[in-house]
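The C-alpha cells that follow cover one protein chain in two forms, given apart as structure 1 and structure 2.
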Structure 1
C-alpha cells in the first residue's frame, strides 16, 4: 500500500505539472486584448505602437523568453510564491483565499446533499424497480441531467427573487463574509445550492440505481433474505457496500464537476465572488499568474480526490490488491 501510495502521489505531481504547462502555453498563445488597447492608444496619440508594446511587456515581466519565465514561475511556486496578480494588485494566494470561502459556502452543502439524496433515491429506486416511485425518480434524474445550470438558475431567480421576493436578487458578499452562518446568508445561498444539487443528485442517483440493480437479485442477497435477514441489513450490508466501490469514482467525478464547471456558470448567474468567477475574470483579462493559481486549486482537488478514491477501493472491497500488501 505504501509503495502504491507513493507512486500515485508522484504521478499526481506529473499530471499537475503537465496541466500547468499546457495552461501556461495556451495563455501565451492567446491574443492579449490589453496589449492591443495599449498599442491603439499609442498609435492614436501619435506615439510608436512598438515602443508602447515593449514598455507593456517589460512592465508585466513578459520581455524574457517563454521557457525562462516558465522556469521562474515554477521556482517561485516551489518556494510558496504563487505570483502577483497585475489586474487585482495583490498576491495570487491572497486573491484565491479571499474568493475560496464564497465557493465553499454553496459547493460543500450541494455536494453533501446530492451525495446523500442521490444514493438514497438510487437504492430506493432499485429496490422498487418498475414502480411509480421508480418512474418518478427516473424522470427527476433525466430532468436534472438535461437541464442547463445557467438557464435553470436564471429561471429560479426570476421566479423566487423577482416575482415572489423570497430570496434576494443580488448576492451580498459582505453579508456572507460577516454573517456566514446566519439565516439571511442561507436564504441567498439556497438557489445556488439547489441548482448545483439538482444536476449532481440526478447523476448520482442514476449510477446508484444501475449499480444496485446488479446486487438486488444476486444469489447472496437471496440467501440472506432466505435466512431471515432484515431488509435494512440486506440494504446496508449486502447491497450498499458493493455498490459503493464503483460509486466512489462517480462521487469524485461529481465533486470535480461541481467545482470545475458548474461554479463558473453559477457564480456568474448569481453574482457570487467565488473561485470560478475569479478565474473567469483572470482569463478575460489575461492575468497569467492568477489563471495558473486558480487552475492549481481544482487540480489539487482532483489529485487528492483520485488518490483517496483509489485507496478507498481497498477499504470497500478487500479483494483488491496493490501488490505490496502483506
Structure 2
C-alpha cells in the first residue's frame, strides 16, 4: 500500500509538471487582449505602439525569452515562491489563500448537504420504488440537473433579495472574513449553497438510488430481513455500505465539478471572490503566475482526490487491496 501510494504521488508530480508546461506555453501563444488594447490606445493617440508594448512587457515580467521565464518560474516554485500576480498586485500564494476560504464557505456546506440528502433521498427512493415519494424525488433530481445554475441564481436573487429582501444581493467579503460563523454570513451564503446543492444533489441522488436498487432485493438483504434485522439496520449496514463503493467514485468527481465548474458560475452571479473567479480572472487577464497557481490547485485536488478515492475502495470493500509488488 505504501509503495502504491508513493508511486501515485510521484506520478502526480509528473502530471502537475506536464500540465504547468502546457499551460505556460498556451498562455504565451494566446492573443493578449490587454496588450492589444494598450498598443491600440497608444497608436490611436499618436504614441509608439512598440514602446507601449515594451512598457507592458516590463510591467508584466514578460521581457525575456520564454524558456528563461519558465525555468525561473520553476526554480521559484521549487523554493515555495509561487510568483507575483501582476493583475492583483499580491503574491500568488496569498491570492489563493485569500480566495480559498470564500470558496470553502459555500462549497463545503453545499457538498455536505447534497451528499447527505442525495444519498438519503436516493436510498429512500430505492426502498420505495415507484411510489409518489419516489416520483417526487425523481422530479427534484431532474429539476436540479436541468436548471442552469447561472439563471437559477439570478432568479433567486431577484426573488429573495430584491423583492422579499430576505438576503443581500451583494456578497460582503469583509463580513465573511471577519465574522465567518455569524448569522449574517449564513444569510448571504444561503442562496449560493442552495443553488450549488440543488445541482449536486440530483446526481448523487440518482446514483444512490440506482446503486441501492441493486441491493434492495439481493439475497443477503433478504437473509438479513429473514433473520429479523430492523429496516434501519438493513438500510445502513446491508444496503448503504455496498452502495458507497461505486458511489465514492462519483463523490470525488462531484467535488471537483462543484469546485471547478459550478463555482465559476455561482461566484460570478453572487460576487463571491473565491477560487473560481480568481482563476477565471487570471485567465481573462492572462496573468501567467496566477493562472499557473490556480491550475495547481485543481490538479492537486484531482490527483490526491483520486488517490484517496482508490484508497477508500479498500476500506469500504475488503475484497479490494493494493498489494505491493515484490
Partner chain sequence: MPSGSDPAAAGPSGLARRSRRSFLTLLGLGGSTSLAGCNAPAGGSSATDGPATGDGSAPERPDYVEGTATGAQTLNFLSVDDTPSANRIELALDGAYAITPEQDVFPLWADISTDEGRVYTVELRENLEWGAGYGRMTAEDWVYMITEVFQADPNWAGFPNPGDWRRGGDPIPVEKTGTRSFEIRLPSVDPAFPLRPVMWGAFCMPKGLIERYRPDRDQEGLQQDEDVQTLAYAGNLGPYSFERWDRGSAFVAVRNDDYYLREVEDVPEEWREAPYFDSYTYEVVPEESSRISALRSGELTATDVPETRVEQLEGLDDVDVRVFPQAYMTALIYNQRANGAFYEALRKPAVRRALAYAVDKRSIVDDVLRGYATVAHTFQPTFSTWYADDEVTEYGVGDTYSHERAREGLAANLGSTPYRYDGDRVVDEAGEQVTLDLVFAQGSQAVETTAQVVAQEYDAIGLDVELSGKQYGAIVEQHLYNSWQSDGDPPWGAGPYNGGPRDGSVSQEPWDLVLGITFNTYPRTPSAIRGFTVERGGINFYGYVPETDFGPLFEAATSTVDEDARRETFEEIFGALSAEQPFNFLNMGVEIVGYDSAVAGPEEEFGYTWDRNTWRLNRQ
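We call the rigid core whatever largest set of C-alpha positions still superposes within 1.5 Å between the two forms. Positions refer to the first chain, counted from 1. As the structure is a prediction and not an experimental result, all values here were calculated from the model.
Can you spot the form predicted alone among structures 1 and 2? Structure 1.
Is the shift of residue 62 between structures 1 and 2 large enough to count as movement, that is, does its C-alpha move by 2 Å or more after the core is superposed? The answer is yes; the displacement is at least 2 Å.
Following rigid core alignment, is the displacement of the residue 15 C-alpha between structures 1 and 2 equal to or greater than 2 angstroms? Comparing the forms between structures 1 and 2, which are aligned on their rigid core, residue 15 does shift its C-alpha by 2 Å or more.
Establish whether a shift of 2 Å or more occurs at the C-alpha of residue 43 between structures 1 and 2, with the two forms superposed on the rigid core. Yes.
Once the two forms are fitted on their rigid core, how many angstrom does the CA of residue 71 move between structures 1 and 2? For residue 71, the alpha-carbon shift amounts to 3.2 Å.
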